[in-house]
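One chain is shown next in structure tokens, namely the form predicted alone.
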């Protein structure tokens, strides 16, 4: 993989990252690696976000130390991963992820080098050549030596169509930068002199607000189709545009997204829609063609109008969720799915009701049918679908205030999510009196052990709707005609 980029070093005076902004635990890891003679950089989203003035969610480190060396160096280290071994350094309130520099060589080259230079022979390489080499020759020799030292263990394994299945070949900092997905995620922060190291033009793309793959986007998206989703996520989250060739490759390869496993796609979709820019992400996904292969049945439904009106509720639901996240109010996966697919599920419920099923059974059947549609593409865990079903079922129960066993309603695991769903629905069609407010007060009173005051007559009537007349029991009469 050749990007034809020259390494650029941005000194401390020309960028905005201060060591005081870094995670103290991340700084400890970086310095400990340096003290033991290893190269170590902060890399990825942490560097990108700091340069943009954003608060990083995590701090990742990359080094030339192998996973086994990291395990020996840090007592609080746990090794994870099969496709590529990673080290998690555990602290009291944080985990610092440390990866070894990856190589750009393919499987055949790695295997040949591993056979030519066995691991046990690498230590016997001569330290000095007969003649003093030039600086360029010395750098090349160092890079070669590092390659020979790290190219061992299982090599890169690809499927017949080029998708990477295993990637455990170690390399140099330059190779590692080129192996990363997007230019803005391949910047290194060097704790040694507080500089930024840019091998791929990431600083320029950061200034221009562009998401661009490193290397040929057709190849990079074939290696890992999930990178297409990540391109959308970063563009939405950062407010960036996707570079033209990268965007064209997504549109050309969008149908291959289902080569990734359904559980992994579920996790990636959650990240997409729960970062506070879900509505923009949804629009970009539909525009790029990625949405249809992920949710084929739902996408087909979106393309059809109901009563001559387009389905606009999905966008409104995601806007509402974005607003909640922006206010620091959590949106859980079950609530997100209920909001996003609510209108679609309600139509399914109505169909089952027309077939004669009672409300709760109709909801159960609708969610089960929905789960079957999603299973081949985006595998939603069963516990999440059960919670979605409860959120929808509780909307009927909320109409009774409090009705029988109101305490039991408040105690349900899905109560808070169901109440949030009700608030969204009331925002779409504001009622005269808010049921959501009533249940919020009732829940607070139950938590304090206070008996709930009944609703005023007018409010109760508006909230509960018309009441059914109670049938009076007939009194049994004794044989003589007198009542008992």
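Numbering follows the first chain given and starts at 1. Source: prediction; values computed, not measured.
A second form of this protein, the form predicted in complex with a small molecule, is not displayed here; the remarks below concern that form.
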So which of 264, 412, 313, 297 reaches within 4.5 angstroms of the small molecule in the predicted complex, heavy atom to heavy atom? 264
Single option in 400, 353, 230, 286 placed near the small molecule in the predicted complex, where near means a heavy atom within 4.5 Å: 230
Residue 292: touches the small molecule in the predicted complex, heavy atom cutoff 4.5 angstroms: no
Is there a heavy atom of residue 224 no more than 4.5 Å from a heavy atom of the small molecule in the predicted complex? yes
Though only this chain appears here, would residue 440 touch the small molecule in the predicted complex if you measure heavy atom gaps against 4.5 Å? no
Please run the contact check for residue 426 against the small molecule in the predicted complex: heavy atoms, 4.5 angstroms, yes or no? no
Of the listed stretches (176-184, 71-79, 384-392, 344-352), which one has a non-hydrogen atom within 4.5 Å of the small molecule in the predicted complex? 176-184
